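Here are two versions of the same chain, shown separately as structure tokens and labelled structure 1 and structure 2.
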Structure 1
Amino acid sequence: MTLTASAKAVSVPRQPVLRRAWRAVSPYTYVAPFFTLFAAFGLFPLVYTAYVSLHRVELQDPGAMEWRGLGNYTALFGDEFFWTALRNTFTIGVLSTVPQLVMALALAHLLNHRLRGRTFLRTAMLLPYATSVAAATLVFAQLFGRDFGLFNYVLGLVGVGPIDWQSGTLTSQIAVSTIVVWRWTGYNALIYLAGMQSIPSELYEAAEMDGASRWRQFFHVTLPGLRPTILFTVVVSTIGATQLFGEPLLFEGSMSGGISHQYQTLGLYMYEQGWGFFHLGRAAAIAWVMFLLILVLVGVNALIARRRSRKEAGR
């Protein structure tokens, strides 16, 4: 394209200088609105969070900052609720991400068949994605109610329960994870479906010629073909799980994530420190810990993916 531009300049030598100068500058005017806002509200806060995390900043007077060095971080690591939140974020992350992606994969596989009412099925499966965290959580909190919740009623019919979903550690984490799984499974199924549709049909033909069963085709053609898509969804869900916030906040309506903090996530812990206890500096330190955690998790994912594909290539 640069070539054609200069070629044109040669073929039209009498182009006014000003106009040519404008040509060189004008592309920036197209990206300027985005980048101005992006710098002010996207990039600057991200970087500045690190600076804030080294200070004492209170919500009542966010303008006044007092240097604290790594004080916020050491205070954080000395707080048992930080470790609880870290552990909860991890367990809720696993409880929500793993079933979500496995179910999405199975649904996508089924959706990839020739189906009547294809569009209806796809759209209906995406319905939960259209609801907000707040709405979904309020409904599920009701369904998970101890005394009059529908889930306990149904469990009661088969002789189980009643389960106190809110006060148990595992039960409350399962309940919170259920909301996440419900909202995101259909979305991920569509992403997988898009990936499946781009796998060349020749691969399946070849596998069939070799006498591979449907199962073997799924494991040896579909899954490897989906690897980039799977990596993408794992990374996106990991990031989502790390910053999980609305579900645990609204499950009972408290910032502490249950009486014994049994389902408080890092995201909620950050909110509690910042807007519950007014320690914005401390909250910024939590934000940075979350960021580093995400970097590590994404890095590990990428490493596993690379090692696996190298192993494939070596075969």
Structure 2
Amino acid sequence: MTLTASAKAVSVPRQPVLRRAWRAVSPYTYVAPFFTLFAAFGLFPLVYTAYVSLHRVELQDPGAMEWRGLGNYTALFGDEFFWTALRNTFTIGVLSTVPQLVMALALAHLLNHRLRGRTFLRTAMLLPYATSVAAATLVFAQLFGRDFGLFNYVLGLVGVGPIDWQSGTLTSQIAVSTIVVWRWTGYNALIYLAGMQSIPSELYEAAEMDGASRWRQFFHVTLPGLRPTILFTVVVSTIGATQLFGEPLLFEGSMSGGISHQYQTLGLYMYEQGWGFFHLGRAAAIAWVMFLLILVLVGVNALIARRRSRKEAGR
């Protein structure tokens, strides 16, 4: 009897049903705003764009939709200008991404050492990123001018004739890539610098005690420690290169990307189809092709990184 009475005395009262239900549901209410915004501004436009890509939709009357199935995609893959834009996107992406990341890595390695005015240099490296893409492109368009451009003037000093940067295929792509490199190198350099500062200093001390030079420390300590950061910048730069739009549009002010489409990217080609020729269905198909292309490129980067990490882990 005494044990039963004491057990009843110390028993904890049961919580109300509503309170227990609220404790079970409340965590979801904290994340609900994010998923609501994502569904409204991320998922719904993606699904609706896929729906539009299966119809014939004209900008003059977007409410009138005619079912085409995969007709927009068939017409897209049969258009030679699509393949030209795809090739230009790949070429400009390589010309802008590779030098950009290499220069960013070199600048980050330089700023990782004790220098005078490091804070000023780090701040100054973000100025191109903060500059408007329209202002930067218009300035570079003047610098790459054929008759009065600064670059042709400098080349003329060493005996090189004037180059028509806007008409040539390779020259125009180099000019557009230069704008991208100028805008994004400092941004990536600061990301690399943050990654370098997270590498333990004990690794450098151990390498120095083993007699490793600065170059060996960079290749055997810094680069392996920066592998996740490098993968992140490669993926982000790949996505940005695939979606490149503002620089080629404002470089000459033409939706066609030059007289012979020599620097028209996929983003510019989509804009031309949708707002130049008023084919919204075709533009939606291009948008989905770009989306799938980005998924493939990101997947390939992730697969290569995973295989390399497994190979090194097995050593």
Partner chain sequence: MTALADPPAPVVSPTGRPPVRPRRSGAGRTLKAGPLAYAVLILAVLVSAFPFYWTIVAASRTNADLAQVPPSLVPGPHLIRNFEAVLAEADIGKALLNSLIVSGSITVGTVLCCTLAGFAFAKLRFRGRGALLAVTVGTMMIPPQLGVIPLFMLIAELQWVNQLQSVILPGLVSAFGVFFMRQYLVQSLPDELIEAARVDGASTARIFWSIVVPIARPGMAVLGLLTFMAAWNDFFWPIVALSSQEPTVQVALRQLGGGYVHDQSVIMAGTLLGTLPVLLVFGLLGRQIVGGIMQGAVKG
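By convention here, residues take numbers in order along the sequence of structure 1, the first being 1. Take the two forms, superpose them, and find the largest set of C-alpha atoms that agree within 1.5 Å; that set is the rigid core. These numbers were taken from a predicted model, which means no experiment stands behind them.
Taken from the form predicted alone is structure 2; the remaining one is not. Fitting the two forms on the rigid core leaves the C-alpha of Ile304 displaced by under 2 angstroms between structure 1 and structure 2.
Relative to the superposed core, Leu292 undergoes a C-alpha shift smaller than 2 Å between structure 1 and structure 2. Relative to the superposed core, Arg23 has its Cα moved 6.0 Å between structure 1 and structure 2.
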